[in-house]
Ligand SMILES: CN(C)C(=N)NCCC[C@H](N)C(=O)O
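Take a look at this single chain, the form predicted on its own, given in structure tokens.
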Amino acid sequence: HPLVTTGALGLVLGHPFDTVKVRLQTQTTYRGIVDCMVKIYRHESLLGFFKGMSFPIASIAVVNSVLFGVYSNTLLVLTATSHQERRAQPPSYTHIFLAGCTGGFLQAYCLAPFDLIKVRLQNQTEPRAQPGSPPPRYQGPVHCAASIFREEGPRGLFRGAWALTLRDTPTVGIYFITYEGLCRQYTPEGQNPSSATVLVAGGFAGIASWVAATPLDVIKSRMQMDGLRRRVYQGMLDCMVSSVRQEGLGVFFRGVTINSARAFPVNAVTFLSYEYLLRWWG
């Protein structure tokens, strides 16, 4: 299944950047991207960049299938035209946005516990277990899930889920609108976009959606880490106000540079495999 294979490949390539992004958003010990990378490498070796990757790898098939499946089927319901007919009768941007938002909403709902576990594991700064050193709080994804369930209750597994839903619902709409808009701009009417067009449009769609998503991405990561030792925030709004009060408005764009750098290649490849699939199966 190309969408799963490229999704997994993109995830492996993008995960080190994601780990740096999560650390920058939730910890104040780093001066910037390079400082964060150097410290992770020095203290935790190369493996430090891949913490928390097993759950996303395990769930990538479900997440990509839900997102692209819901998007395609919602578009089908809204426009009553199949993918083959869509080049001749392109759907309106309103329909594309609504279909994208629907996919984003359902994806966030499926993703919430997986994302929480990923962020908790990425934030563990302990090096790999060495004789005599204290073990990290979580031994792995399953232990992490069980610990959260035991210590914070079933609701604990959905910590930050509202911020995740608010992040993904509109930004996935923006993601598909950007992609479709660029494809139409550079493709002769009625034809399928070339592979080069798909790669560039997919890459820029990834950047556009991540720039829009970053403010809520920061809040989501902070909400997910809240409750680890003691509750700091009363809720999402309190988290926003406290973060701005302590660190200024710039806090909402923590990790935007590294998010954009990661988004281009990962989403370029994702859309190329999506178009390939639609042409084969559509």
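Note that residue numbering follows the sequence shown and begins at 1. Please read these numbers as outputs of a predicted model, since none were measured by experiment.
There is another form of this protein, the form predicted together with this ligand, and it is not shown here; the text below is about that form.
> Only one of Val172, Val198, Ala163, Ile117 gets a heavy atom within 4.5 Å of this ligand in the predicted complex. Which one?
Of the candidates Val172, Val198, Ala163, Ile117, Val172 is the one lying within 4.5 Å of this ligand in the predicted complex.
> Within 4.5 Å of this ligand in the predicted complex, counting heavy atoms only, one of 138-146, 119-127, 69-77, 205-213 shows up; tell me which.
In short, 205-213.
> Check Leu24 for me: does it contact this ligand in the predicted complex (non-hydrogen atoms, 4.5 angstroms)?
Output for Leu24 is no: heavy atoms all beyond 4.5 Å of this ligand.
> Please run the contact check for Thr19 against this ligand in the predicted complex: heavy atoms, 4.5 angstroms, yes or no?
Outside the cut-off, so no.
> Arg167 near this ligand in the predicted complex, any heavy atom under 4.5 Å?
Heavy-atom contact with this ligand at 4.5 Å: present for Arg167.
> Is there a non-hydrogen atom of Val266 within 4.5 angstroms of a non-hydrogen atom of this ligand in the predicted complex?
Taking the distances in the predicted complex, the answer for Val266 is yes, it comes within 4.5 Å of this ligand.
> Which residues from 243-264 come close to this ligand in the predicted complex, meaning a heavy atom within 4.5 Å?
Stretch hits: a single one, Arg262.
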